[in-house]
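The chain below stands alone and is given as structure tokens, in the form predicted alone.
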Amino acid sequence: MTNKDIFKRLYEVIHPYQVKLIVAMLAMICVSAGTGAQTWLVKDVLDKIFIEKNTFYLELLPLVLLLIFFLKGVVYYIYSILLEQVGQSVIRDFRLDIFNHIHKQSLSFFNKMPTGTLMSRVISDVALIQQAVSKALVGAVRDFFQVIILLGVVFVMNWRLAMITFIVLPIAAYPIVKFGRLFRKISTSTQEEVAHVSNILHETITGNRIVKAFTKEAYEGKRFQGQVTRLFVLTMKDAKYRCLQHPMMEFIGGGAIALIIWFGGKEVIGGDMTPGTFFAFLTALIAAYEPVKNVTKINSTIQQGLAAAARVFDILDIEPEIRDKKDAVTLPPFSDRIECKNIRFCYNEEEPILSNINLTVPAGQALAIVGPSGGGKTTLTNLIPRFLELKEGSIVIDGRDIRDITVASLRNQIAMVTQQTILFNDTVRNNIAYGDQEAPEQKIHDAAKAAYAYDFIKALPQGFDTMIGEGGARLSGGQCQRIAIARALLKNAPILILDEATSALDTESEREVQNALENLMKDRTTLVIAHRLSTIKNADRIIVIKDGVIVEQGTHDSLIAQKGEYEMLYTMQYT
């Protein structure tokens, strides 16, 4: 992505705030004009007051200077607060856009994109863009106006002496361009390393129990140290070039001032220039050179922001694999059947996970899906709510291909309880009501009772108002699972997917929840994935998936009688 492309897209983001930016720019011009007026007054201060000893100017000029400083302060506040508002608005908009865009992606996206990298894009990269937009980039515009106005002042005072600037400015521009390329390259590498740091932090914090269980604290500390050291090296490389810029620009500026003092001194001695004019000229030129030096300071920030913008736009440019068609229709309440026709699915063009799946599930049927691990059971159930996009074959609900249905209306009719219990760091009540946030209190309590979670919830310190911690860290595995089941119960969807819904329960709790699930499954279409075959004996139909293919199907008794794959799995568990 070129700088031109990045600037074009940044303009689109900033465009809604262009009025505020224009007002801020006008205020910047006023500040620059005030600086020019101050330098111009140096001439009269020296010539009229200190050399001619004119009392009228002695009384007038301090008041004029005071007025200029006051007006500069007012307009400085105006443009500063406007730029801060625009910068923070850009941060907010970018973070919302990235967050919403990420959640439009399929499961395949999250399988490929590390969590820490996404966090780095939302937090770190967007902050760098804000610095580049509201401070560095706009600061460069402010400094540009100041240089133009002050150079105008010096040319009016003495155009021959001002010609020296045409020698100095190109020399000063060279390190700005040269270092800019280095900063862009270093910034790209630095942010990638920041993302790696975020990845390690996320993995080790969320997996802290495993780290402790395997006594890998030292190992993870060493791994993190290596990553932080790589980030440190890059950061110091960036600092080295930033610190080198300043003395280089100081030396260039010092050379320019030396030339001006030599030429200007000759003009004053020769009587072609008053001391006041010379010092006003020198003051204006020094004031004009200061913004040029500032460009070198903010150059690193601008390049970091551009590199960060490129990474953010890379994420935003990833088209969601799953989205509604233009003519997608709303799925009416489910009433007839789910059909899987000639399904074949694979990840990243690898060996197919599912092959030639043909399956019909009538409304109200409880279908159990069993088989060895890695056979494709979960993948099949992820295809029905379009968590993954089907490439070959079709899934049809009540005669409508799910790709012709709006995603929201499809998923609104499906409730899920997964093997990996996902709960949020919120209250018990809000976790249960996640699928129906307007649900009355009584329905929440009824769902908890049906999931056999009510008693332990009431025993918690704040009952339904208890914060459960990240991922339900303050609850046992079985308690987390029962809250997840209560959440599915409250949603009351006609299609229910249970992926190892009782896997984390002890024998007693499993029996209680199994009874609740059986009541829930009445008059609903249920797909149950289970390794514990005892939990699906009463299913209307059982299919066995092995290596992505349906190898057997029937009732529990008929499959046992076949003495095939199902009978072998059952015997392995109970003998």
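Since the structure is predicted, the reported quantities are computational estimates derived from the model, not experimental observations. One rule holds for the numbers: they count along the sequence shown, beginning at 1.
What comes next is about the form predicted in complex with a small molecule, which is not displayed.
- Within 4.5 Å of some heavy atom of the small molecule in the predicted complex lies at least one heavy atom of residue 375.
- Residue contact with the small molecule in the predicted complex: residue 347 places a heavy atom within 4.5 Å of it.
- Although the partner is absent here, residue 531 is a contact residue: one of its heavy atoms lies within 4.5 angstroms of the small molecule in the predicted complex.
- Not displayed here, the small molecule is kept clear of residue 444 by more than 4.5 Å at the level of heavy atoms in the predicted complex.
- The three marked residues, 368, 526 and 553, fail to reach the small molecule in the predicted complex, with no heavy atom of any inside 4.5 Å.
- Residues placing heavy atoms within 4.5 Å of the small molecule in the predicted complex fall in a single listed stretch, namely 378 to 386, out of 393 to 401, 378 to 386, 70 to 78, 118 to 126.
- Of the residues given (111, 88, 420, 335), 111 alone sits with a heavy atom within 4.5 Å of the small molecule in the predicted complex.
- Distance criterion of 4.5 Å from any heavy atom to the small molecule in the predicted complex singles out 353 from the list 480, 353, 302, 82.
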